[in-house]
Ligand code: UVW
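Take a look at this single chain, the form predicted alone, given in structure tokens.
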Amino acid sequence: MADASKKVAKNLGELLEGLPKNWGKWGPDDELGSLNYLTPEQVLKGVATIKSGKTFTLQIQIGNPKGDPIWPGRRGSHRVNVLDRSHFACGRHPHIPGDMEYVDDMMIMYLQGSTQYDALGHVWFDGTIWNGYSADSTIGGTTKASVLPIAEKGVVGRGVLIDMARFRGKKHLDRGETFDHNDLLAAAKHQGVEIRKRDVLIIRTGWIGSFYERTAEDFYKDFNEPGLVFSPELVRWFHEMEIPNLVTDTIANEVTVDPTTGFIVTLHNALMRNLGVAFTEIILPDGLAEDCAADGQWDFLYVAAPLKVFEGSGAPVNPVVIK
């Protein structure tokens, strides 16, 4: 069969035919995928990068007055007080011995409506999710390859930040702007950092940060996020580098519309479904990037654990970076 890069494929099956898969690599029951690469040795490699003890958190605020940057068609979070001072002031409150008062609130939101981890079973084609499980396992709940195994394990290792926006001399990349693994390597060289096997790969495009600096209408206009673009060579690079986790400041971790095929979020299938690469989306790394540029240290200990949502297709997370 001709190389998929030499023709326009009709569907994902045709596009990804012949490219690497990690199905069965960690056994027929695996639900962690490439996170299996994060062994105790990788944790210690991350710990070894700590020099100053500075810490950074990468989650966006949930319910910010500007709104929540979310995939089009989803609704932002809704928080409401169910008990507060007003209830006590008007006598509509539970009786509490000692007359203590308190506030309670609740939130309704998409599990993938904030900084979050995708479950490996989140996307698929041809009726099959990660590791060969049937897509029927998502009916009524993600019973295979849910976010829970990721949450139970936690994600800890050496993280590397690649600032593509800074490398290209921009505050943020443009709509539909693409880059590949060669661009990542060039940016890493420019920054003076090495992307090593089994690193947690964090990419800054400036896209999520721009959400808070412009109108929602402008942010979502002709929606096509910048990001990594599919090529067989890129997929093979991720496979050879044994990348466990891709983390970006975009809603979908890749260019929304592939410029060659017109397919939507192709890498979700090429990397997450087929290789088991964990996807972390909607981070806000701008403060971290400023600090890395100031002190020249672009590697660090990365620590994250999404919420333990039973049968969840994803879950919010607040990753922590320690330098």
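Predicted model only: the values in this text are computed from it and were never measured. All residue numbers refer to positions in the sequence shown, first residue = 1.
What comes next is about the form predicted together with the ligand, which does not appear here.
Across the proposed site, W71, Q112 and H268 without exception bring a heavy atom within 4.5 Å of the ligand in the predicted complex. The ligand in the predicted complex comes within 4.5 Å of a heavy atom belonging to E281. Put simply, Q116 is close to the ligand in the predicted complex: some heavy atom of it is within 4.5 Å. In the predicted complex, none of the heavy atoms of K144 sits within 4.5 Å of a heavy atom of the ligand. Contact check for V155: every heavy atom lies farther than 4.5 Å from the ligand in the predicted complex. Only one of V160, I243, I251, A187 comes within 4.5 Å of the ligand in the predicted complex through a heavy atom, and that residue is I251. Of the candidate stretches 198-206, 117-125, 134-142, 177-185, only 117-125 has residues whose heavy atoms lie within 4.5 Å of the ligand in the predicted complex. Residues of 193-216 that come within 4.5 Å of the ligand in the predicted complex, judged by any heavy atom, do not exist; none qualify.
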